[in-house]
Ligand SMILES: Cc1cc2nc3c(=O)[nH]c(=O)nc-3n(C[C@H](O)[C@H](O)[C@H](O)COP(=O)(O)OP(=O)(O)OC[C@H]3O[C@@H](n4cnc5c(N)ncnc54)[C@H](O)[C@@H]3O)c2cc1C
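In the block that follows, a single chain appears as structure tokens, in the form predicted on its own.
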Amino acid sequence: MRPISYLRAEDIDGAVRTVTADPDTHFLAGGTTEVDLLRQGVLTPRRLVDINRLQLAGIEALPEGGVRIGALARMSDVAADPAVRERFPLVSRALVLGASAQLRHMASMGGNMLQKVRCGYYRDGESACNKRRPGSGCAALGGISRTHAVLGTSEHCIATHPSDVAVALVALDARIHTRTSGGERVHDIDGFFLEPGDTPDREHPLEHGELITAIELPPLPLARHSSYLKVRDRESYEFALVSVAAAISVESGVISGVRLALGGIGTRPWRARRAEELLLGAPATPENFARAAREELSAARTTAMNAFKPELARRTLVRALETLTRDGDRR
């Protein structure tokens, strides 16, 4: 087994300096992804810097209606937080559905933003995978691809983004706060998850050693009436075949505000902007929901094994919107 050294960080700046100085050094938080990939030989760092002692686990309800979540806050704590449940129920629901209870108690919010794909070809450490070894090819294109992406794909990668809560955060225009050796940065979440394009190994705009410190949910009153709907092969812990994060407000039968994002079908958490555009100002009817869903999924590129996904996504999006508007006007 390849030897790995271990260092426990005592302050943020020290942790950032240590990792930045060595490309073979990684941060370690909950470890629910990092440790798995170490065991499988997919990740091979020389050293791990444990950041769990850093003061980054707080959850703060902001006075204007938003919430600031520390990067080391555990998924279970965020899901149960009263302000998150009241102001952003889709986030709480996505976290509960996103992992088993054991994983939710360990996994950090910052780590969830950076978790690696669950593509079997990436994780076996041997198959052709442009994400793991650029230029080697993509075994999934001609292999088993039932769970793979149909939106945001390229000829180099079709791996599906695995996070549930990231889908909800994309719908909410969350912001990712980070610390680098040069100071603090803020990333709009819309640009935080990169499509594979010609560089599938580059998944985020972060520099090596850039540490996520917080996730900020900006005020969004319509998010109080929101949901996260997940369709999967089994009801117990499983990754999404399709998921929908939805928030909507309806006045006098007309949609006055809507936020939508899709999971399980994209190479990144997929903001359904085309569907939002079609729905805003339109009557809240099943027919309009279906039309918006069809338009959003019209760009899907499928394989023989995942050709069912666009229709499943359309039906799931319609169901989520019908459920949220079933009781009449929502403001």
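Keep in mind that this is a model prediction, so the values were computed, not measured. A residue's number is simply how far along the shown sequence it sits, counting from 1.
Below: the form predicted in complex with this ligand, not depicted.
Take this ligand as it sits in the predicted complex, overlay the site C-alphas onto this chain, and 3 or more of its atoms land within 2.4 Å of the backbone or a C-beta, so the site here is blocked. This chain is displayed alone, yet in the predicted complex one of 93, 87, 230, 259 has a heavy atom within 4.5 Å of this ligand; that residue is 230.
238 is the sole member of 238, 195, 216, 173 with a non-hydrogen atom lying within 4.5 angstroms of this ligand in the predicted complex. Every member of the trio 26, 103 and 210 reaches this ligand in the predicted complex with some non-hydrogen atom inside 4.5 Å. Remark: residue 76 does not count among the residues lining this ligand in the predicted complex, judged by a heavy atom distance of 4.5 Å or less. In the predicted complex, this ligand stays beyond 4.5 Å of every heavy atom belonging to residue 152. Remark: residue 51 counts among the residues lining this ligand in the predicted complex, judged by a heavy atom distance of 4.5 Å or less. Contact annotation for residue 226: none of its heavy atoms lies within 4.5 Å of this ligand in the predicted complex. The stretch from 113-121, 78-86, 246-254, 182-190 that comes within 4.5 Å of this ligand in the predicted complex, counting heavy atoms only, is 113-121. Although this ligand is not shown here, in the predicted complex the stretch 29-44 places heavy atoms of 29, 30, 31, 32, 33, 34, 36 within 4.5 Å of it, in sequence order.
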